[in-house]
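The chain below stands alone, shown as structure tokens; this is the form predicted on its own.
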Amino acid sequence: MKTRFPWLPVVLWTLISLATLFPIYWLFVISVKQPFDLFSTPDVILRSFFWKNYQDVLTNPTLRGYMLNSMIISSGNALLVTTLGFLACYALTRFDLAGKESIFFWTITNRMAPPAVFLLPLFLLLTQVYRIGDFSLADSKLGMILVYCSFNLPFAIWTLRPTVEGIPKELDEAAYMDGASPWTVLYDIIFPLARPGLAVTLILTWVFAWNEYLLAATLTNFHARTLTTGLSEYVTTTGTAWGIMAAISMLTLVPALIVFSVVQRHIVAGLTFGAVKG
């Protein structure tokens, strides 16, 4: 069907894209300005580049350690959550478990409350309960991976269940008739078909853990401190280093863009998986 203004959707989506990307561009502008230029009249067009903010960030061993911690915690959490969520969805969709609908509903309850209400219980668990001698999960990468699992695993189960449910059970039954074991069915049949949904779950849980601030700022001190919490160190009583904070924020986008680019072709397929079922 022809429209009177075929260029209108192009203009509309161009404006929406510019409005969406402008905050990132403005963040980059701040990151390459000298400190005294930040408080002058705002200028959208860049006329010079001040790269020292990036040099200060990249040559700071403390910030490099924070970035490594963020990578380890985010990747470990995403892999663990996606694996456990996949196994849970396989059990919920393929076996006749008593009360499985109630289990499925109540798994999401902790996502209905603000994370701040869990701060004190999690702090006491990590520092007082989960302790063996001198070893405790407080201020450790393993502790943060497990903490993020308690929030991201319900999300993974809710995201993956439609994907696993959309795979016909007749494929399982045919494999069983050929003598396949449950693990063979899970690995050779379910896993390849659920790969788009797994990719979406992996990237979303990775981004959630990568950007999280409140829990990391409260439950870590030095050994497991992440890059997002490192931003607060540049807000002091003598002033705020806006340029360095903007440079750190820009650098935090790089790993996320790399992960997105790697699994990009699976994301669209995963988001539309099962949409045309029936």
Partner chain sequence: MHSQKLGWLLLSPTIVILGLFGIFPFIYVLWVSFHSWNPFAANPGMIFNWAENYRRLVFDPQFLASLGITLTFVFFAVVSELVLGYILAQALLKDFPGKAVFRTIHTLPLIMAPIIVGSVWKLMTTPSIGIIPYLLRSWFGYDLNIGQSAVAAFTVTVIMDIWHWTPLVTLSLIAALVSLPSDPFEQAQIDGAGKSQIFWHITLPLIRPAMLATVFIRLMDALRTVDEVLMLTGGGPGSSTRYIGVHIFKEVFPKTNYGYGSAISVIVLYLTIVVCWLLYVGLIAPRVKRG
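Quick caveat, the model's predicted, so the values are computed rather than measured. For the two forms, the rigid core is made up of the largest set of C-alpha atoms that agree within 1.5 Å on superposition. Residue numbers count along the first chain shown, from 1.
Keep in mind that the form predicted together with its partner chain is not shown, yet the notes after this line are about it.
- This chain appears without its partner; in the predicted bound form, the one residue of G179, P114, P168, P192 with a heavy atom within 4.5 Å of its partner chain is P114.
- For the marked spot (P61, I72 and A224), a heavy atom within 4.5 Å of its partner chain in the predicted bound form is absent from each of the three residues.
- Interface membership of F135, defined by any non-hydrogen atom within 4.5 Å of its partner chain in the predicted bound form, is ruled out.
- Its partner chain is not shown here, and in the predicted bound form it never comes within 4.5 Å of any heavy atom of V57.
- Contact annotation: S150 falls within 4.5 Å of its partner chain in the predicted bound form, judged by heavy atom distances.
- Using a 4.5 Å cutoff between non-hydrogen atoms, P154 counts as a contact of its partner chain in the predicted bound form.
- Contacts between stretch 24 to 38 and its partner chain, counted in the predicted bound form as any heavy atom lying within 4.5 Å, involve I24, W26, L27, I30, L38, listed in sequence order.
- When two forms of a protein are overlaid on their rigid core, residues whose CA moves 2 Å or more are considered shifted, and P35 is one of them between this form and the one not shown.
- The Cα position of Y213 differs by less than 2 Å between this form and the one not shown after fitting on the rigid core.
- The Cα position of L68 differs by less than 2 Å between this form and the one not shown after fitting on the rigid core.
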